[in-house]
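Shown next as structure tokens: one chain only, the form predicted alone.
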């Protein structure tokens, strides 16, 4: 059963804040509907880029993710939570996190429990890489803040960790203020980021 709470996104078409719903426990039906809306836009945009000769390295690196498979693989597992942000009746972003099995790596908190973000993405119509006029901003910040709040609720003091796709590294380092612990050779060479309690508090402020 899912829980809904109020949050806000920025409507990039008007510059105003728009009321949205944060969903804790995204359902299979909601995932199916989201994929049915997201996938055609992703495929069309990628085909256009391919025909135009745009380098593949500039395409969204999460474009191959299948959220239906991710939901099916973790449904019913107590350590996993799937969150979504819904606005105007459509899912604007999704995030899958786990609350066990990913101990901290920063020296001063090494081995402590944290919330690990397995996957997080915004809807394709919010991406400047895919559309000329994105609909909503702040989706990523809302979802990262949700992970921090979950960490606080679990008694982890806001500690959050994740492996970043290269295109998102600046967002986590600069916008979220996370610590960059370098490339992880055991995770496809992706850079690993983590927050301390102080960084988490600063981000929420």
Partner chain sequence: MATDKKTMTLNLTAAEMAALEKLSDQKDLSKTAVLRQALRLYQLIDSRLAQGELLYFEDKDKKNKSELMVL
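Bear in mind that the values here come from a model prediction, so they are computed numbers and not experimental data. Numbering follows the first chain given and starts at 1.
Below, we turn to the form predicted in complex with the partner chain, even though it does not appear here.
Does at least one non-hydrogen atom of residue 113 fall within 4.5 angstroms of the partner chain in the predicted bound form?
Contact with the partner chain, yes.
Would you please decide whether residue 100 lies within 4.5 angstroms of the partner chain in the predicted bound form, comparing each non-hydrogen atom pair?
The answer is yes: residue 100 has a heavy atom within 4.5 Å of the partner chain.
Since only the chain is shown here, I'm wondering whether residue 76 would be in contact with the partner chain in the predicted bound form (any heavy atom pair within 4.5 Å).
Because a heavy atom of residue 76 falls inside 4.5 Å of the partner chain in the predicted bound form, the answer is yes.
Closest heavy atom of residue 125 to the partner chain in the predicted bound form, within 4.5 Å or not?
No.
Taking only heavy atoms into account, state which residues of 19-34 are within 4.5 Å of the partner chain in the predicted bound form, ordered by sequence.
Stretch hits, in order: 24, 25.
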